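There is one chain below, alone, in structure tokens, taken in the form predicted on its own.
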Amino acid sequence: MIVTKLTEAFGLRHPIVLAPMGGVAGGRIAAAVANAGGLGLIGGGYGDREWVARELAIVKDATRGPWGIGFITWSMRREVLDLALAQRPRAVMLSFGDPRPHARAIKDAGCTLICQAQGEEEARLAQEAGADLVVAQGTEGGGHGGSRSTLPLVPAVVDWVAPTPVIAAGGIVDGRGLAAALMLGAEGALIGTRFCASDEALGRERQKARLVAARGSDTARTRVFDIVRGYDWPAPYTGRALRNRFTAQWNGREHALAEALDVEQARYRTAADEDDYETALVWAGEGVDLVRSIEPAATLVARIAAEAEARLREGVRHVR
């Protein structure tokens, strides 16, 4: 068993955290990861009150393991945060925005505060907020993120925020990635794309099938899906998704897309309703090459942990 500051803080069997992916990380998969020995985080996303209430009820009913919830900080409403805190999560994760206005409420509720950072500015804000854990997120990850690569970013964040423990994220899909994260000074890994292709993840089967069939070279960082869905993301953050005909048409033509929204939004909504993923969105990280099947989340947690342990033991044998 791998013991780190992350596992000790939550009583985990494995230093694995489910990324709180909006629309994907619901109560079922958060509970499945928690029951398997990791930390399960619900993806609170843009703060839909009814969705959050429903998924919180599911995870509370399905596990006694450690679980929490993550929010997109710039879009979060205080009433939804208060709703979540009333359910006594073990952790709240804040990403993409200034965590300081919300930190006191989270910590006063007895929750562990996790803040995500894509660079030095976010890492410093996390420190000022009193974060208990900082996630160093590299650009290889699926969904929204920054521009710094995981390999150099993680040890830099470790140094910037020491002695606060750091969790690595971005392109980590298997045990080799987890072992590498630990060698970079992280205390565990936050994993998203691999868990998207799990039985318990929310999302349609055709979305999951596209992940299994995809390669890392099929992904791109883009703003076009935010524009067509009407989300005004702050300038530093783009989203990594699978390329399709929609990205081919509009990447590099964002102003033209904004001018054509009356037509394109209706077309996009129809495509999403009909599972047409040549137009609709599938978030995916560069590690999607290693996603080869749709499996139970517990199976993934166990295998990733076992692979990491094996890699770490092998590395020790190579030292003379």
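Worth saying up front: this structure is predicted, and the values here are computed from it rather than measured. The first residue of the sequence shown is number 1, and the count goes up from there.
Missing here is the form predicted together with a further copy of the same chain; even so, the following discussion is about that form.
When contacts are judged by a 4.5 Å heavy atom cut-off, T139 counts as touching a further copy of the same chain in the model of the complex.
Among residues of the shown chain, G171 is one whose heavy atoms approach a further copy of the same chain to within 4.5 Å in the model of the complex. With a 4.5 Å cutoff on heavy atoms, P89 does not count as touching a further copy of the same chain in the model of the complex; it lies far away.
Remark: G27 does not count among the residues lining a further copy of the same chain in the model of the complex, judged by a heavy atom distance of 4.5 Å or less. Shown alone, this chain has one stretch from 90-98, 77-85, 245-253, 143-151 that lies within 4.5 Å of a further copy of the same chain in the model of the complex by heavy atoms: 143-151. V158 is the sole member of A201, I106, V158, L211 with a non-hydrogen atom lying within 4.5 angstroms of a further copy of the same chain in the model of the complex. Three-residue candidate spot T4, A179 and D289; every residue lies within 4.5 angstroms of a further copy of the same chain in the model of the complex by at least one non-hydrogen atom.
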